Structure formats: structure tokens, C-alpha cells
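Presented as C-alpha cells, the chain that follows is alone, the form predicted alone.
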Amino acid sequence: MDNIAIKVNGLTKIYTQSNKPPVVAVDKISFAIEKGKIVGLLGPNGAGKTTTIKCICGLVIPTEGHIFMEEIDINRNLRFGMSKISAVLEGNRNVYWRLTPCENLAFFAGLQGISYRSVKPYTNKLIELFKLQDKRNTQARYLSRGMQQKLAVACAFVKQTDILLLDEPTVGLDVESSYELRELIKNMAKESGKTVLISSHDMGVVESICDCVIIINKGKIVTDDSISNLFKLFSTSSYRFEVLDKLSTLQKEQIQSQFDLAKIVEKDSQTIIDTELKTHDELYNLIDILKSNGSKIESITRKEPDFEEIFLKIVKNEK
């Protein structure tokens, strides 16, 4: 376990309420994250992502299972676990609103036992990197949402812990602010060698900064793999057909019934079919359907899926 930053073993969380059936938010999940890796934690709403992150950072007590950091069970030694972790949870109340960016950074460093004098050069660096110079003396409540999120992430870095847990760090941000923040997270994490677990609905964030991804659905892990391996797996089976003119109703019905996840888009004088073909027989079957009504195939290309398509396929089929 020398190279493992976080090891989760059989983690289960069941919420119980009077007069209501219990809710299994996380169901016996296990995974390990190597030191220095940036890992995405993905899943539909209600899949158990936030509960998992809150269990890791000690805000929620698991019903069963264990979480290890440096071979130490943090459920039995929470103080040790907290010394290793910084977290930014969903929402923008991760900083103190009546403190300025400089004051927030000094405060969160102090919580970690770092003196103001020793951390001041680093806080100045963070203020500059996160482009908060013009607002360094403005109370956080008067900052834009994007600046509040950047400040929250900066406060996580200033604690200088080995592990960062980021739950939806770009939620509610415009495209430019989201891109800016994810580039900062990626560059800062790689530069400092930190381990990052990031939960996000923004597939662009995960694809651009993560080394690996863990996908949870209905409280269970359905995929734990590298981003590059997932692209290799799905790029071999995704195809695009371009056909002259529109298809008949019967052709559409046959394609939709025989090929899961097939998408048919009709334009003025062209039809585009995106689908997944696992065997040569499926390829020939689709060609036969198109030939049955005299449809003329302009091109067949192997289509490179984007990460959002990969995520949807995994969640739907639990590959």
C-alpha cells in the first residue's frame, strides 16, 4: 500500500428514517487511489458520490466498511485522516463570507497548524495564480460566484494536505470560469504531487484533468478504469453512417429495435446514423436494412465518442 493514498473497502452507508424504508446510498463499494493521481468520481444524481466523499472526509459515519490512508483506518483515527485531507464541497459556502481572500487563506492555513508568517509567501502565490489580486481585500460575500469557487479551491491548497476532495467545484460557473478553474486544479495538483478525488457533472472537467475515473450507479461501482482505456474500449465499436435522403418508417423501426443507443438524425437530403456495432454481423445487418429500401450509403466511419457518450453508455448498460 506504499503507493496508495486512499483505500476504500466495502464502504456502505444506509440512511434510516422513522416510518420510511431505509435508503442505501452507498452499497459495499471498494476502490484504491494511487498517490499523485487525479481521479474522477462520476454518477447520475443520487448515485452516492457526495455520500462517498463525505464519508472519506469524516462528515458522514459509514454504516459498514473501512477507509484507509497510509494503512491507517481513519474511522478509528479521524484526527489523522483530517490532517491528510482538504475538501471543497458542493455549494459556495466553503469560505467565511466576512473574511477577505487573504484572511480566508491565513485562517485555513492556521487550522492546519501553519503559522501566518511561514504561509504568507504561499498565500501571495495563490492569490496571484487564482487571479484574486484585485479582490484580495474584498470580503468573500461580495465576490462573484466564480471568484468564490476559486477562493474555496485556493483555501484547500493552502492547507498543504496530501489529498484534495472536490465535490462539484465548477458547478454554476460560466464556461470561461469553469475552464480557468479546472486548469488551475490540474496544474496545481500536478506541480505539488497531490492526490485529487473530484466529483463533477461536467464531463469536460473530468476528461481534461483526470487520470482515471470511478463511475457509481445506484450506490455501486460500475467502472473503475483509466480515461485512456475507456476511450480505447468504446472507440472500437462506435460508427457513423451517412446516407443520402431520408429513411423509411420501417427502416427506422428496424434500426431502433436491433441496435441499442442508435441515434438517427435527418437533415434536408441526408440521414446520419450513430450507433454501436460489436460484431461484423451487426455491421452487415445494418447495411442490409439500408439496402432494403434502396438507401445509398455515402460513408461509414469509425466514430470517436466524447466522454459524455462513454459515461451514458456505461451508466445505461453498466459495462
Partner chain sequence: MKNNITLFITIIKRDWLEMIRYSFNMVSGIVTLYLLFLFIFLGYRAVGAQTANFGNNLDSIVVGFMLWNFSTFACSSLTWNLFEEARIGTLEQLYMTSLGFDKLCMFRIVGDFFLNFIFIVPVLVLMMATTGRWLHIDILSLTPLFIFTLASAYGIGFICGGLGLVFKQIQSFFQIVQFVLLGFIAAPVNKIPVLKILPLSLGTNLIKEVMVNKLSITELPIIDLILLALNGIFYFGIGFIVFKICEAIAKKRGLLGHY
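Numbering follows the first chain given and starts at 1. These numbers come from a predicted model, not from an experiment.
Absent from the display: the form predicted together with the partner chain. The rest refers to it.
Undergrad: Examine Y122 and determine whether its closest non-hydrogen atom to the partner chain in the model of the complex is within 4.5 angstroms.
TA: No, no contact at 4.5 Å.
Undergrad: May I ask you to state whether V95 is within 4.5 Å of the partner chain in the model of the complex, using heavy atom distances?
TA: Contact check for V95: yes, within 4.5 Å of the partner chain in the model of the complex.
Undergrad: Taking heavy atoms and a 4.5 Å cut-off, does A87 contact the partner chain in the model of the complex?
TA: Yes.
Undergrad: Consider G110 of the chain shown here, and say whether it contacts the partner chain in the model of the complex, taking contact as heavy atoms within 4.5 Å.
TA: G110: contacts the partner chain in the model of the complex.
Undergrad: Out of 193 to 201, 72 to 80, 241 to 249, 211 to 219, where are the residues with a heavy atom within 4.5 Å of the partner chain in the model of the complex?
TA: Result of the contact check: 72 to 80.
Undergrad: Would the partner chain in the model of the complex be within 4.5 angstroms of a non-hydrogen atom of every residue among K13, C57 and S115?
TA: Verified in the model of the complex; spot residues all in contact, yes.
Undergrad: If you check D225, D174, E183, E103 against the partner chain in the model of the complex, which one has a heavy atom within 4.5 Å?
TA: That would be E103.
Undergrad: With the partner chain left out of view, choose which of S237, N229, Q160, Q139 has a non-hydrogen atom within 4.5 angstroms of it in the model of the complex.
TA: Spelling it out, the residue with a heavy atom inside the cut-off is Q139.
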